[in-house]
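First, one chain by itself: the form predicted alone, in structure tokens.
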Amino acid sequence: MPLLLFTSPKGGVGKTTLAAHTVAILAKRGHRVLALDLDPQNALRLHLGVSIREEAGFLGVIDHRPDWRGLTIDTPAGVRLLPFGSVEPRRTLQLGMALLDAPELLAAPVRDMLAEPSLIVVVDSAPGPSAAVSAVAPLADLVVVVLLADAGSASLMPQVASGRVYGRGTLAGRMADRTAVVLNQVELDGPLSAAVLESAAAALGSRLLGAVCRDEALAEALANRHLLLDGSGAAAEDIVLMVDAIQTRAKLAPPSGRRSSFSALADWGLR
């Protein structure tokens, strides 16, 4: 089954928020979903309703070659989760060095996850380049790059479009073909935000997967450990449309025996 990788060149863009909503919506639609947190901030668990006191994790002990199945957590969102784990900064550096020397420490268990029938693996990576991202990126069917609708993100657009954000050579070109972009916190009444959205559409074409508006309701929901899954509200609707586009791009059919909830689209041959 497919691997969806959420990543971003820099932090603070809402990557984890969008990854959490994606896995929860896919689970709500009947898919079996495993969320894998590769970000040392270990925040994905909080978005999915896991207690902040839960400190166990997978990547934090990856150099001990753990059995990933024994470390999964069933979340209130209906998603199986492999948290990063709570580790000290020095330990995070040690893990990065271990993965640089032996990327198979992570790549091998991820391939094992992908071998499970009907299981969708969604990875929330750390911002920027990392040894963990390098280990799993070649396995990704779709790389979702999250950017803000601001000047800093606009300056990165050519690198994202060409794949240079992943480095040089064959891997960068291969990753560019699998990359799609979501612009977060878009303000259409703001000249800069609208200009960035326009330039992204021009530079990326069909690889611009979606745009999510700035919406205080989203921040308030997250503060209350609540996900916006029903599409009610501006940001919630944008997120649902983003997940629709991800399902289409990753060729994720509805689970066996289920039709898409958008029956008219199915009837028209669009699903």
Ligand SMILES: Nc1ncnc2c1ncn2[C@@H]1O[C@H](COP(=O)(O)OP(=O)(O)OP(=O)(O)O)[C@@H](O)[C@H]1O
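Keep in mind that what you see is a predicted model, and the values were worked out from it rather than measured. Start at 1 with the first residue shown and count on from there.
Omitted here: the form predicted together with the ligand. The next part is about that form.
Looking at residue 24, you'd find every heavy atom of it more than 4.5 angstroms from the ligand in the predicted complex. Looking at residue 209, you'd find every heavy atom of it more than 4.5 angstroms from the ligand in the predicted complex. Using a 4.5 angstroms threshold between heavy atoms, residue 127 counts as touching the ligand in the predicted complex. Under a 4.5 angstroms non-hydrogen atom cutoff, the ligand in the predicted complex has residue 219 among its neighbouring residues. Screening 111-119, 180-188, 90-98, 132-140 for residues having heavy atoms within 4.5 Å of the ligand in the predicted complex returns a single hit, 180-188. 215 is the sole member of 244, 54, 237, 215 with a non-hydrogen atom lying within 4.5 angstroms of the ligand in the predicted complex. Contacts of stretch 23-62 with the ligand in the predicted complex, defined by any heavy atom lying within 4.5 Å, are made by 39, 41, 47, listed in sequence order.
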